[in-house]
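Only one chain comes next, encoded as structure tokens, the form predicted alone.
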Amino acid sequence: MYIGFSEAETFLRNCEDAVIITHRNPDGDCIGAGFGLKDILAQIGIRSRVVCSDEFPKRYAFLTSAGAGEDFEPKTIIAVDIADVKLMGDYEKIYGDKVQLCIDHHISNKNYAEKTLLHGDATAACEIIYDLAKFMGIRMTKHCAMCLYTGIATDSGCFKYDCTTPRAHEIAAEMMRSYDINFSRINRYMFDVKSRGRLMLESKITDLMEEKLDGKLVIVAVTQAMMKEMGVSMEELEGFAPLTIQLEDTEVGILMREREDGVFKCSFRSAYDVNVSEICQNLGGGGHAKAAGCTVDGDLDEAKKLLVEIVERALA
């Protein structure tokens, strides 16, 4: 059931001992939304704990270092920035059918929760968390402001992606003006600081680019062997997807990253009018019209063939 801010406020003010679930392979938006909501609940005297099936990347330690929360038997289950229970990883079996409130901005949301606060036009889930806090009349902490700024900045590609709304700029300005967050350090850490291995891999991206469908599709595949050779992890490759649509004639770009279990995590980007969320939904994933993702099993060549075929249909 879809709800508005009023119903969401009523739910949150009356909940107890909440577990806040973030999606596997956590990024800045789900981490920012999870820990930001945790701070907001603390302001109204409600205990909560942020959980994820994967470890939070080290570069987000400035948001997560205070701890995910107390250990308790949960009475309330909340999901943030999760469009589908499949994205919960190990927590799908534990909480997948028990989510009472989902706060999300993905148009592909499966409406799996009892209540869903969905704003598909929001730049990030953190934008919704901010508006919810304002609606509830809650004064945010500086830490919460850093969480929400980080989520909006990362999901907007430092405010350059098509999904960036005027509202996102307004919220970022409010975080800078009223909470004196160190936005320049956050952005440097999110977008500029890289490991030596990542820099080495970036230099090889051009060589790894495969042009398909007369250049309309570009695929970059990074295997576990490549990652080990360069000394990089899956999390360090988060910012590579936009590079796949840098060539002038490219309409769709795909970054394939091989997980340790051999499954390929595929990040899609659209340069123009192709709705990659619809493509990914056909493969069990989802996301936004210009940025979406899914996973593909099987041999690398077979996986590439499948991706080429489904993108070709979309272009047609």
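Values in this document were obtained by computation on a predicted structure and should not be read as measured data. Heads up: residue numbers just count along the shown sequence, starting at 1.
As for the form predicted together with another copy of the chain, it is not shown, yet the points below apply to it.
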Heavy atom within 4.5 Å of another copy of the chain in the predicted complex: which of E260, E70, E248, E55 fits that? Just give me the one.
E248
Tell me, out of T116, N109, T76, T164, which residue has a non-hydrogen atom within 4.5 angstroms of another copy of the chain in the predicted complex.
T164
Would A172 count as touching another copy of the chain in the predicted complex under a 4.5 Å heavy atom rule?
yes
At 4.5 Å between heavy atoms, is H143 in contact with another copy of the chain in the predicted complex?
no
Just checking whether E211 would be counted as a contact of another copy of the chain in the predicted complex - the rule being heavy atoms within 4.5 angstroms.
yes
Contact flag, M176 vs another copy of the chain in the predicted complex, heavy atom cut 4.5 Å
yes
Only one of 281-289, 23-31, 267-275, 47-55 has residues with a heavy atom within 4.5 Å of another copy of the chain in the predicted complex, and that stretch is 267-275
Output flag, F159, S184 and S195 jointly within 4.5 Å of another copy of the chain in the predicted complex, heavy atom basis
yes
